Structures are given as C-alpha cells and as structure tokens.
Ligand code: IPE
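Shown next as structure tokens: one chain only, the form predicted alone.
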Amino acid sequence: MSSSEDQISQRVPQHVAIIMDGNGRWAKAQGLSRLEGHKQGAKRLRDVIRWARDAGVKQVSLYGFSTENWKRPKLEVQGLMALIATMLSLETPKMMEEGARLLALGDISSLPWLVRKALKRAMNTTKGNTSVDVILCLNYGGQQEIIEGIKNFCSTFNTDAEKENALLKLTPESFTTCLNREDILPVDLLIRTGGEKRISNFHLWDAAYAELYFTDTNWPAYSESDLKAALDDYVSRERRFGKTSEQVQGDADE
C-alpha cells in the first residue's frame, strides 16, 4: 500500500450511521406496496454492511424504527415489526459468517415480544464477533436518549449535595457514560438516502461533529458505488473540531 493510500485508509470513518429512507417512494415508483419497499430495503442491509466492513468501517448504525414511526398506519407498523423479527432470524447465520456483531440502541422493552426475542437471540449469538459492529436502532430517538441519560445521571445520587457536586464536574465525556452506549463510537459520517435533508432525531448526541451526506438514491436501490461516493466525500473533507485549518494541517504534519 502506498503512503497516500495508507493516509486515506486511516481517514475512513470508524462509525457510519445511516438513515435508510426512500423505501416507500421506491415501492410507489415500482407499483408495489410500502411494505414491499421495506422488504427490499431490508435485503439491502447485508450488502451495505459487507461493503462498509471491506472499506475499513468498524461500526454501522441503522435507523430501523424511530420513536416517531409508531404514528404510521397500524398495518404498516405491524408489517414492519414482523419483518424485523423475521430478518433478524434469517440474517444471524450470515452475520456469523461475516464476523458481524449485533448491538442495539433504543427502548427495546416497548417492542413486540417476537422482535425482542429475535433481537436478544441475535445479539447473544453474535457477541463474540469482531469484524464489524452492526448497531440496530429500534424504537430509538435522539431526544429521548438524552432524556434517559439525564434520568440515569440523577438516579445515582442520594442527596442534593452529591448531585450539585456532580453537576459541577459534569463533562460531555462523563455524561456519555449515562447513555447506555457502551462500545459505541462517536458517529463520524451520517448518511441519509431518499432525498430528504434532515437528521430526524437520529444520534443527536454522538453525531455532534459528524459529517453529513445526503443522496437522492432510495434505500432499496443503494449500491456499492453510492457508499463509495459517500466515503470518498468524507475523506475529502477537513474535520476541524473547532480548530483552524492551519492547526489541523499542523497536526497532520507532526
């Protein structure tokens, strides 16, 4: 590997978060039902995870079902839940072959029993895998996650004096430990498919310095070239984290 290729490989995002949008629009364009669009989108996951792993990405988080998605038509929600449970069972053997570990974010306790059972079984089966982490975000919302973190923080103190002292010492790093994000890295790159340009309550805390990438491609049609374009765009950006460009360049030269 050349020095330039090595520099590029070192700049590959470690955690890529994906809002998998456009299933319904893709289905409508094909004359199919929305649920069929979700089924096609679910099939796309395996390829995207493999492409990301092969590119050097360590974690891929997927917005499977948001806290707001309960507002959708009842039949669609029921179909989605059945699809999630089925896909988890079907994909677990493939995840074992690929060395993928499944993690979860969100209020899992509120999901249907079949989904919880399939999710826990898949997580337990794949817990020893190390090639890539797949973080499935179900019944997840960034605002809700932060509120739960505040509750976790406050629940650890017995007196107001203890709480006041802890608040004085509170930092973003220490607060992160209250968010139940063990083993999950900060988001480097957040991709949204389907043409919309918003983050929709996804990873509000850990995407604080994420690079955002939007594409018009609907999720079921997402290809390896689409992912490569997003990763190439990420590599081309200068991530300053509050520093000046000159400071960043100076750090790179050291």
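Note that this is a predicted model, so its numbers are computed, not measured. All residue numbers are counted from 1 along the displayed sequence.
This protein has a second form, the form predicted in complex with the named molecule, left out of what is shown; the following refers to that one.
Can you work out whether M123 and the named molecule are in contact in the model of the complex, taking contact to mean some heavy atom pair no more than 4.5 Å apart? Contact with the named molecule, no.
Can you work out whether R72 and the named molecule are in contact in the model of the complex, taking contact to mean some heavy atom pair no more than 4.5 Å apart? Output for R72 is yes: heavy atoms within 4.5 Å of the named molecule.
Within a 4.5 Å heavy atom cut-off, is Q30 in contact with the named molecule in the model of the complex? Taking the distances in the model of the complex, the answer for Q30 is no, it never comes within 4.5 Å of the named molecule.
Does S66 reach the named molecule in the model of the complex, with heavy atoms at most 4.5 Å apart? Yes - in the model of the complex, heavy atoms of S66 and the named molecule come within 4.5 Å of each other.
Give a yes or no on whether each residue among R11, V12 and P186 has a heavy atom within 4.5 Å of the named molecule in the model of the complex. The answer is no: none of the three residues contacts the partner (heavy atom, 4.5 Å cut-off).
In the model of the complex, which of 194-202, 44-52, 209-217, 224-232 comes within 4.5 Å of the named molecule (heavy atoms)? Checking each option against the 4.5 Å cut-off leaves 194-202.
Neighbours of the named molecule in the model of the complex among 77-93 [non-hydrogen atom within 4.5 angstroms]: Result: L80 alone.
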